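We begin with a single chain expressed as structure tokens, specifically the form predicted alone.
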């Protein structure tokens, strides 16, 4: 690979565009009380269904308009990002730790360990993931912890399958055989030689899983199975906007756009990181 091609890879705009949006959304969520223009829970029926600032009838301070209860849409989106990012990071990291560990063990050691892990994964993946998540939350009860646990329980198999295949391929490489000849133990080789070479795949999967977790949380919020408080969530706002799409289209469109941009950014960010830090591509 020539230097100019490598340079273009490293300057790929995907990393900066996706990372920029995620950083902006994350900072807005963290500092929501400071950046939100209004109280996201404050209702004022005199201000119901105000349009965004560029349309006739808009009110100063309500940049994206209001919903049917007069609540500021921009403030609700910013505070809803808190729930989305908490679920994204917590659920994805939990699924990553469990799935990657089992996948690494199964792929590197093979034999009975691989057979057991593979059978468990096959059984687990026989359940439709979204329906399984709804069932788990219904059993565990609504709440942030239940949503995170349900997503982690379902999606660890995604990490396990991919990392198993990666570890299986890496274990056949010459550098692994050289490490065996040098006298390293099997666990040491797995941790020192194989694991660093599957980290780019783990990073890409972790970022992708964060986007999936955001979608699942939005679906659960849409059907009122996420958090049980009055705190705004993107899925809950979408559900409200669906009911008033003909009177106030912005209540549905803006949370959908926010959700789509966030999910796509997680996906593109992970792929860009893998491309940039993969040892083979470097």
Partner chain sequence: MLLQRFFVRLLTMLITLFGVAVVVFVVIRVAPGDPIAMMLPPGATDADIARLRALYGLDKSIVEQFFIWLSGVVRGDFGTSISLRQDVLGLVFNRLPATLELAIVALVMAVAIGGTTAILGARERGTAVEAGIDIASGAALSIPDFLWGLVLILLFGVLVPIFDISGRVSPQLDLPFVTQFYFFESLLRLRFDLTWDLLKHMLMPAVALALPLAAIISQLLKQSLKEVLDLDYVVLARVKGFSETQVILREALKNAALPTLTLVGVQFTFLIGGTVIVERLFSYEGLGNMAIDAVINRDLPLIQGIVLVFALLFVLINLAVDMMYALLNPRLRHG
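Residue numbers count along the first chain shown, from 1. As the structure is a computational prediction, the values presented were derived from the model and not from experiment.
The protein also exists as the form predicted together with the partner chain; that form is not presented, and the subsequent description refers to it.
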Which single stretch, out of 215-223, 63-71, 29-37, 50-58, brings residue heavy atoms within 4.5 Å of the partner chain in the predicted bound form?
215-223
Residue 124 within 4.5 Å of the partner chain in the predicted bound form, heavy atoms
yes
Verify the contact flag for residue 263: yes if a non-hydrogen atom of it lies within 4.5 Å of a non-hydrogen atom of the partner chain in the predicted bound form, no if not.
yes
Do residue 105 and the partner chain share at least one heavy atom pair within 4.5 Å in the predicted bound form?
no
Answer for residue 128 alone: is it within 4.5 Å of the partner chain in the predicted bound form, judged on heavy atom distances?
yes
Since exactly one of 144, 168, 94, 136 fits, which has a heavy atom within 4.5 Å of the partner chain in the predicted bound form?
136
